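One chain comes next, on its own, written as structure tokens: the form predicted on its own.
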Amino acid sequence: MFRTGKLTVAVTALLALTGGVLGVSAAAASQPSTAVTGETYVIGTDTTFAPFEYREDGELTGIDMDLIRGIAANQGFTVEIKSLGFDAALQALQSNQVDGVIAGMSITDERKLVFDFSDPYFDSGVQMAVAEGNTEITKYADLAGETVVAKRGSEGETFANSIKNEYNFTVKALADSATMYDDVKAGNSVAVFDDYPVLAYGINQNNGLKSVTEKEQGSSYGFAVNKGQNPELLAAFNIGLAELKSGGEYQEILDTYLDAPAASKDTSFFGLLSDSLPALMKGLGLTLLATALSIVIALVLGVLFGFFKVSESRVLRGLASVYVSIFRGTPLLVQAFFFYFGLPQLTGQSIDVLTAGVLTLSLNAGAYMTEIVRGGIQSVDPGQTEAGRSLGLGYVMTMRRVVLPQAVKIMTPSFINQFVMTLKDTSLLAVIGFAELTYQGQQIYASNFRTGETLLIVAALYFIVINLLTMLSNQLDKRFNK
């Protein structure tokens, strides 16, 4: 990516600083920064943090999204948004998969050691909420001996941990607000600590909770880049932010989301199904694509390394054993994080989420298929091989004509099971921002807080597709193994 010289960056940063000090927009006295004009930046964000980022009608929206897009338009650059999840977005930034992160991220001293932050764009705070019908918990002292929930890595978790010993309660952390709210409504936790605008938005959208404490003073949100990197982007963000504030657009964005009334959509189950189906079908399409690609590659790997496993060559057997040991001996989730975040750090080359997902699924499934092929071949009576050799057939011809036809019949049920497992494993790719079926479901219930009904629809789609895949596989089994 082309970048202009250090002098332009320094001047841009100086303008941003002086604009903030004098209380006027730096950009008001100059044209948008030429350092970023025409550039495209990849920006990481959370997946479910309404009203700052969430999906509505399949489109990513919210305060952060409107803000970064408004600043980009003001400063003459474009942004490509990657919705990853908070933890994954920070890892993507550190591995240079994205240029910056905007995700309701609190500016803290610890984070300043790793990231450079913009000027604060929102002053946050923390509130506690309980289920609507709970009349026993009204203050922190009522939490003694109880469990509360907060979002992992958030200001709410930090605050809850800071007072837990004083009030003798336990804190557990979950990944997103919608899940936390459901945890409280289910009675698994008695209260939730969350950023007050997020909590207020959820209550406004009828999430089944009520706030019971005043807002605690908290830190501010900032836009982040890697330390020492993209200073021109940071300076442009500050200038654009000052411009939006002076022009009134900033306040309009806040009012749009923080003062909005509860949505007046059809609240019936069929209304939810109708609203959700387009996004879910898009996710299902990506699920099937990733599954098909992974199964084909895994099948090739499984057959290849399966033959290596039964080879007379010690080198080939050793190579296959190492492959199987690595991918069967490590969790699929760790493999997904490695290919998407770790590999770019080691090689310096970025990798798109579909490629990372297919690599993860195919290499993992291929290891299991290797053992299926090995087991199928070795389950054929050794006397069959000896009979073929005694008839003058070579090793390859004996395998092709005698052993494999019998082994395939043994392996087919296990292959079908592995195909189904691979399809279901695509749901784990949601953690790296792959927009498959489970990911789309998370996006939907993050904004409407109808978790149970949304997951029921998602489960039904998985059930239908998996049963169709099983039926197709069984028909192929009958045709080829008569």
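Please read all numbers here as calculations on a predicted model, not as lab measurements. We number the residues from 1 along the sequence you see.
Heads up, the form predicted together with a small molecule isn't pictured, but that's what we're talking about next.
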At the 4.5 Å heavy atom threshold, is residue 434 in contact with the small molecule in the predicted bound form? no
Does the 4.5 Å heavy atom contact test between residue 318 and the small molecule in the predicted bound form come out positive? no
Is the gap between residue 213 and the small molecule in the predicted bound form 4.5 Å or less for some heavy atom pair? no
I'd like to check something about residue 306: if you look in the predicted bound form, is any of its heavy atoms closer than or equal to 4.5 Å to a heavy atom of the small molecule? no
Using a 4.5 Å cut on heavy atoms, which of 106, 335, 83, 230 is close to the small molecule in the predicted bound form? 106
The one residue among 360, 291, 154, 370 placing a heavy atom within 4.5 Å of the small molecule in the predicted bound form is 154
Option from 425-433, 55-63, 439-447, 41-49 whose residues, in the predicted bound form, bring a heavy atom within 4.5 Å of the small molecule: 41-49
Taking a heavy atom within 4.5 Å as contact, would all three of 69, 77 and 249 count as contacting the small molecule in the predicted bound form? no
